[in-house]
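One chain comes next, on its own, written out as structure tokens in the form predicted alone.
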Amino acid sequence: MNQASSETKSRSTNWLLRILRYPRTQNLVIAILAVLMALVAISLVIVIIGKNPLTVFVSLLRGSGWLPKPRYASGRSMLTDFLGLLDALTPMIFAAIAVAIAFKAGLFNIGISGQMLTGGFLATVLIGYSQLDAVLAKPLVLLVGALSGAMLALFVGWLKANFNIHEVVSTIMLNYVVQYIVSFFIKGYFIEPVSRQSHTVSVASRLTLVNVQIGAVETRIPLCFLLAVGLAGVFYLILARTRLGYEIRAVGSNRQAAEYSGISSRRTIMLTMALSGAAAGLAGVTYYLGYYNSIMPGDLSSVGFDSIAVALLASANPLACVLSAMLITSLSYGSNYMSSVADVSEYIASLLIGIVLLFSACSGFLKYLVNRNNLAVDQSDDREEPGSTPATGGD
């Protein structure tokens, strides 16, 4: 009896190990496990403070638009909350893609916030304050934002490729440079006296449609959400199916070996940083000329820093960045409603995000444990099948 239960337990363990060690889904499975373990951990914290975890999680989902609320104000509905979530999600997807692209080449682009601000500010000044029609203004906003972010990141890549200046150092310094330069121009030339922010951009140049009436519901529509999801798919195909993607991954794996095989690491680093900066610039215009319509001087968006966590959770997979960005943004977006309804501090959502990332950071150790047990699983597969007659020696 004990032998049968031991064999059943061994088979179930081997089945779990086969799922965990399958290369194509390993990162996804580990990410899901990280989220589940984080939910269990945060549930314990919620129980300790005397609250019901189910009530807290339901209110969090209601606040982010995934579940209907018991009551809505006039002109609002679940659609209002959900489209608001997509509006906040759009720049996060672009920013996470920017981080993921750099990660693939072994680069840590921590300057996403500065590249966002550069793209957002230049698009605001050049297009947002113009009298252009929406048909011209909206595409030009995207173009100016992408080019601005790409040029700033390309400069970082040039420093890295030619002088081996670490991209973390240069991007952090450039974040401050951009922050103070933009603040100087806004306070000197574009300040709004009442709000102390930059002048609002024109309706024609804004990438979010606000106060849209859908039946009896008033909501907002993010025009670039599908573009963000599409860009994630494009970059996934580039990294997985093209020569450029192979070169980026080769340089990220081993720069010296890539050089030995004929790949120009200098060109690849600069091109990768330019692509990363372009995605960051798109994040900037969808944030400053989409989710918002002005810029606060002297302030860097937290989206640029949160996107690093999103990309880590997604294991630098552009497609997975969409899902991880949706998770992180939902937790942040629904925290205010959760706080007011469930009488729980909104910092519980931040704690949940932190625990998710903590477990995600342990993914490398989990992979090590799985791979260490591969040999044991393979050996168990080689055992004799049930019903076979064991070999016996001759007389």
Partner chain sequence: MLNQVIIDGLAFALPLLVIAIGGIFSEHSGVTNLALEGLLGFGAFSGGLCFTILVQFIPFDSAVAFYVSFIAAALGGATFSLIHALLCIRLQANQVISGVVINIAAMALTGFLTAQLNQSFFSGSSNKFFLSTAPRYTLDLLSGLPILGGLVTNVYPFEIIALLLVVICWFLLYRTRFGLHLRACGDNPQSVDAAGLSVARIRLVAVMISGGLAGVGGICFAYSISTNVSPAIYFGAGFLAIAALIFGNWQIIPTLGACLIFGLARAASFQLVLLLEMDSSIFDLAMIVPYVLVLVLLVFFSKNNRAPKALGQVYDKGQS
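Basically, rigid core = biggest C-alpha set you can superpose within 1.5 Å across the two forms. Because the structure is a prediction, the values reported are computed rather than measured. Numbering follows the first chain given and starts at 1.
A second form of this protein, the form predicted together with its partner chain, is not displayed here; the remarks below concern that form.
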item: Its partner chain contact at Val168 in the predicted complex, heavy atom, 4.5 Å; value: yes
item: 4.5 Å heavy atom contact, Ser345 to its partner chain in the predicted complex; value: yes
item: Close approach of Tyr291 to its partner chain in the predicted complex, 4.5 Å, heavy atom; value: no
item: Touches its partner chain in the predicted complex: Val135 (any heavy atom, 4.5 Å); value: no
item: Its partner chain in the predicted complex reached by all of Leu140, Ile214 and Phe225, non-hydrogen atom within 4.5 Å; value: no
item: Position in contact with its partner chain when the complex is considered in the predicted complex, options Ile127, Ala232, Leu174, Val303, heavy atoms within 4.5 Å; value: Leu174
item: Heavy atom within 4.5 Å of its partner chain in the predicted complex - residue from Ile110, Ala146, Ala258, Leu83; value: Ile110
item: Contact segment among 352-360, 58-66, 333-341, 25-33, judged by heavy atoms lying within 4.5 Å of its partner chain in the predicted complex; value: 352-360
item: Stretch 304-321 - residues with a heavy atom within 4.5 Å of its partner chain in the predicted complex; value: Phe305, Ile308, Leu312
item: Core-aligned C-alpha movement of Ser330 between this form and the one not shown reaching 2 Å; value: no
